[in-house]
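The data below hold one chain only, encoded as structure tokens and taken in the form predicted alone.
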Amino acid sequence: MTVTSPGPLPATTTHHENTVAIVGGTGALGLGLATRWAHSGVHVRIGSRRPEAAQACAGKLPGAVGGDNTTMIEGAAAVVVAVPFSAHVETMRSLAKAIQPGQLVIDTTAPLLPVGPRGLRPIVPWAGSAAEQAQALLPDGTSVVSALQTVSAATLQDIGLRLEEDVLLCGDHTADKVLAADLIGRIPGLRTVDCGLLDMSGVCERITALLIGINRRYKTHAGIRITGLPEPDAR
């Protein structure tokens, strides 16, 4: 049965292994996430189509390992996809051959089309959103959650910078969103906000283009913050 959480997601849970594989981990966002997670004690596997590049990036981070995407996702509880939209279909078809039951896919992709020398325009994929496209291309029963499209890669890579922003989370099952929220919550300064079912991910993905424009105009790395939410239960 499809369910969704009625309120804020918990910041932590102990019901999963402490390993994340990042497909596209040598790109800007993937490397930023790898950097923050590795410095927070998460076991990070950096995947790439170029294993030597992944190994080079992993060598700079505490406890991280690198290699080809298929090898890195094997046995990982969570698989984070951090590739440009132009590579999304190819990546998902490749993952479909290797993903195993019980693994969670966290899709960070924002469907953007380059316009002019610097512009980016949001587009609507055939499935409605990148995350729904991922769900359609992966084997039946694969868990997909949409998240992290609005977090600046540059800010993530600079561990000296303090984060204080929200991550919009969409998915069809509460357990999947709790697992994703736990992983994201291990990065200090990131708070997850449950935004509903996976079919809401298109709304969240389109915010990326808006933020890119804001960041260019103001020469910053802005994120988003949802106000008025209740404080999480004290632990």
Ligand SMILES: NC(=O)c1ccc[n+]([C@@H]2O[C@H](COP(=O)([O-])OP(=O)(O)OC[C@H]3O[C@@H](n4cnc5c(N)ncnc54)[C@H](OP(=O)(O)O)[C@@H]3O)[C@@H](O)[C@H]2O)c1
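In this text, residue numbers run from 1 along the sequence as written. Because the structure is a prediction, the values reported are computed rather than measured.
The following text describes the form predicted together with this ligand, which does not appear among the structures shown.
Novice: Sort through V65, L197, I207, A28 and report the residue having a heavy atom within 4.5 Å of this ligand in the predicted bound form.
Specialist: Of the candidates V65, L197, I207, A28, A28 is the one lying within 4.5 Å of this ligand in the predicted bound form.
Novice: So which of A127, L120, A87, A77 reaches within 4.5 angstroms of this ligand in the predicted bound form, heavy atom to heavy atom?
Specialist: After the contact test, the surviving option is A87.
Novice: Taking 4.5 angstroms as the heavy atom distance cut-off, pick the stretch from 34-42, 179-187, 166-174, 47-55 that is near this ligand in the predicted bound form.
Specialist: Every other range fails; the passing one is 47-55.
Novice: Residue-level contact is defined here as any heavy atom of the residue lying within 4.5 Å of this ligand in the predicted bound form; does L148 satisfy this criterion?
Specialist: The answer is yes: L148 has a heavy atom within 4.5 Å of this ligand.
Novice: Within 4.5 Å, heavy atoms only: does T142 come near this ligand in the predicted bound form?
Specialist: Heavy-atom contact with this ligand at 4.5 Å: absent for T142.
Novice: Taking heavy atoms and a 4.5 Å cut-off, does A110 contact this ligand in the predicted bound form?
Specialist: Yes - in the predicted bound form, heavy atoms of A110 and this ligand come within 4.5 Å of each other.
Novice: Given that the partner is absent here, does S152 sit within 4.5 Å of this ligand in the predicted bound form, heavy atoms only?
Specialist: Result yes; S152 sits at the interface with this ligand in the predicted bound form.
Novice: Along 65-82, which positions have a non-hydrogen atom within 4.5 Å of this ligand in the predicted bound form?
Specialist: Contacts from 65-82: just A82.
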